[in-house]
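Below, in structure tokens: the form predicted alone, a single chain.
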């Protein structure tokens, strides 16, 4: 047991039917029906391989995309094919989740067989609106159809979906109410890495915060500065633009209008409060870049406002940030510092990511865009740890007890801190 949660080591697996919730949610190419990235799938392979090799009758549950955006809402059939290729063995698939066909297929599983059910979000109880509008307790979620139909067929529930640990949905928090439960190897690893980052980072500890999820950045910034975790916070992208507005700088109509039209202006006073409270820890860009005909253009802060949309940090800022990174003991990055997908506005992110990979510091990277940037620049192997979690990671680093962590701890308490091995 670790962190008050059972691990796979606490249970005899051979011959048991194991429901394993993984997070293999990836960008989908709808034209080809293929996955654009395999990072999360690769992350859960150790748990899947171990459970199968130990003789489990293994049932995988996963979501793909969300009901609030249809872009990546898709079947998990491609995931089964990819998993089979990476594992070097057959991975079964059924286009059902809780219906008679799925249940019969689970009953017929043999030791070491692996079955992936279809997208759990095809079931209404797993949808985001079901979660946010009803706010059911884990006990109430244990009585939903997802749990009521599948739990009687299983002996053990394993959650390896740390990336979804901030969600409160039946397949994530309901099974722990009725089944012996454990965390998988990826969940365990990410919990350990982030706990170390929170509790005892090598100094100086630097956070790089950018990207488009502004609420996450400011939530994290307040915590890591307030608790003394971060010695410096390097800002870029919309995070930096909002902080410059909070300082009273006119960054230009295009950038200011974009912030307002994206309903992000409410974070300007939040940024002002952080700057006032932690003036020596927050580092703002000294120059910025934008794209126009002919390519990339840069300007110093004293040259603001800018008519074009600001889209990257400038060379001077990048050089200073790289210097800070190279002198750091720990660097954590969440969110690119510019529009990295474009050559003209990807310089800043590339410079910082390459510095993280080559500096010898303990480097931790999290968030989908951050990972995509690392893959784009070919530096992923130089990063000490790449966390699959986005929202879960942010909330963990903001001091929240994640719903799935709480559910797993409660399951361990109900079992008397014992697994099957000691019963």
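Since this is a predicted model, take the numbers as computed values, not measurements. Residue numbers count along the first chain shown, from 1.
What comes next is about the form predicted in complex with a small molecule, which does not appear here.
For the chain seen here without its partner, which of 336 to 344, 349 to 357, 165 to 173, 285 to 293 has a heavy atom within 4.5 Å of the small molecule in the model of the complex? Within 4.5 Å of the partner lies stretch 165 to 173.
For the small molecule, considered in the model of the complex: do all three of 16, 57 and 409 come within 4.5 Å of it, counting heavy atoms only? No, the whole trio is out of contact, none within 4.5 Å by any heavy atom.
Using a 4.5 Å heavy atom cut-off, which residue among 101, 195, 137, 128 comes into contact with the small molecule in the model of the complex? Only one listed residue qualifies here, and that residue is 128.
Just give me the single entry in 281, 185, 213, 81 that has a non-hydrogen atom within 4.5 angstroms of the small molecule in the model of the complex. Of the candidates 281, 185, 213, 81, 213 is the one lying within 4.5 Å of the small molecule in the model of the complex.
Closer or farther in the model of the complex: C-alpha pair residue 217, residue 197 (3 angstroms or more): Residue 217 and residue 197 sit farther apart in the model of the complex.
Explain in one word, closer or farther, how the Cα atoms of residue 368 and residue 25 are placed in the model of the complex relative to this form, where the distance changes by 3 Å or more. Closer: residue 368 and residue 25 approach by 3 Å or more in the model of the complex.
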